[in-house]
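A single chain comes next, written as structure tokens; it is the form predicted on its own.
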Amino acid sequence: MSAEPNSMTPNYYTAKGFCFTSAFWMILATFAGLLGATELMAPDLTENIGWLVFGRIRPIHINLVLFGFVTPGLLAAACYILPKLLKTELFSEKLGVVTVVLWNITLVAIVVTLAAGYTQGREYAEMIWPVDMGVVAVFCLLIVNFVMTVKRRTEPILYVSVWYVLAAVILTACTFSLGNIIWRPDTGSLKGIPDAIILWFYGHNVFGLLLTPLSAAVTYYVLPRACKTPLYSHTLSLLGFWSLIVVYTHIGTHHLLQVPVPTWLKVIAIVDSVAMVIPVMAFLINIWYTVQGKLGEIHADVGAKFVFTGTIMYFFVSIQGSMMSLPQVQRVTHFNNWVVGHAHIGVLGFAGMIALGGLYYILPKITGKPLFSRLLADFQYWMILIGVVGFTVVLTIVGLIQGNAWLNGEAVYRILPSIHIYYVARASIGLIVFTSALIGVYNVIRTLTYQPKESAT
């Protein structure tokens, strides 16, 4: 597909499409999470309704959060950031619109197939082969569009955000294909321990080589621009980039410390999990020194406020993740709600906050008009922040109760009455996050469609 000719006013159809996609699927993703949390609180609520049982709702929730809400939100920002940094237009808005449409068709297929019970039964890789191929196809289209945009650039220097965006789409296309065993359409898996190893190679890298690079790309663009300050250190940004690529790819096996995986692979996973402090702190030091003394500017821009809060969440989730890879810690924290709390800090607190920040930052720029309601955006910010902190506290407490009880030989069913109240709190917090999604989609749609009165003067 050839590129459209240059124009003075880009239409940003692709970025707008991904904005709407992210906002819309956030509603369904958070509703699925709320329903799953409610089922844990009241297991008989959806009794005998096969397509609503917890075993089907949970993978729907996870995959919609990952591919429906967070990734499109980050890609929306990327579709604005790349042309700006490269001083050219997106290679093909038509190809971008096709990508957005195919992305949404794939998301519908994810919901329908998982709800109907068609699954490969592998965590984060539950989708059946035809749906897997839809995901691979959209990433291949993104690669073509982004690489060709870079090729047509008029800016000779590649800012670090460009590095991160290209790495995210290219590496994810590879790791998704490998982790979902797409060369075996009948099973989508290998056998035994090799399958577990390759699954968790993918399972962790779908976060570390997709959400993390895209989030870093958005952060490296939004915060310096919002604060009107140059990046503190380009050298630190490249250190963070390359150390992330080298270190993160080897840590997935820390999910398998308690199974018969080769010891050398476990050691590599543990060492690299601890070594994640290098890319994390290189990124955070660089960003925090860039915005030093500029908190007023961050507060004034609601998008920057979301993004900056996401960097704080990144610090907590990364330190926690390194600690959880240690065998003595994992004896207590693994296989319980502690891990669920950790995932919520990472996906909703870190990547989700930055996705929403990037979305709110670019919306006025791609529409040429102010955000419909700064008040609603601020309200959504506080609801999500309360939700993330609430999830973290509640699920950490539940995880410690479960982990210590099981470590001491207590039966699973005897623990359930003591943690029921926490499941009630969890569902209540989920309602807050779901409400924030409703507010967000209203704000996004109105921003995309309304005509401000000032434009008439």
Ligand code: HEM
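The first residue of the sequence shown is number 1, and the count goes up from there. Small disclaimer: the values here were computed from a predicted structure and weren't measured.
Keep in mind that the form predicted in complex with protoporphyrin IX containing FE is missing from the display, and what follows is about it.
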| query | finding |
| --- | --- |
| All of F24, T219 and K305 within 4.5 Å of protoporphyrin IX containing FE in the predicted complex, heavy atom check | no |
| Proximity to protoporphyrin IX containing FE in the predicted complex (heavy atom, within 4.5 Å), stretch among 285-293, 109-117, 375-383, 348-356 | 348-356 |
| Any non-hydrogen atom of R122 within 4.5 angstroms of protoporphyrin IX containing FE in the predicted complex | no |
| Any non-hydrogen atom of V340 within 4.5 angstroms of protoporphyrin IX containing FE in the predicted complex | yes |
| Non-hydrogen atom contact T88 with protoporphyrin IX containing FE in the predicted complex at 4.5 angstroms | no |
| L34 within 4.5 Å of protoporphyrin IX containing FE in the predicted complex, heavy atoms | yes |
| Contact assignment for protoporphyrin IX containing FE in the predicted complex, among M127, L199, V317, I362, heavy atom within 4.5 Å | V317 |
| Position in contact with protoporphyrin IX containing FE when the complex is considered in the predicted complex, options F139, F146, Y248, Y80, heavy atoms within 4.5 Å | Y248 |
| Any residue of 190-222 that, in the predicted complex, places a heavy atom within 4.5 Å of protoporphyrin IX containing FE | W200, H204, F207, L211, T212 |
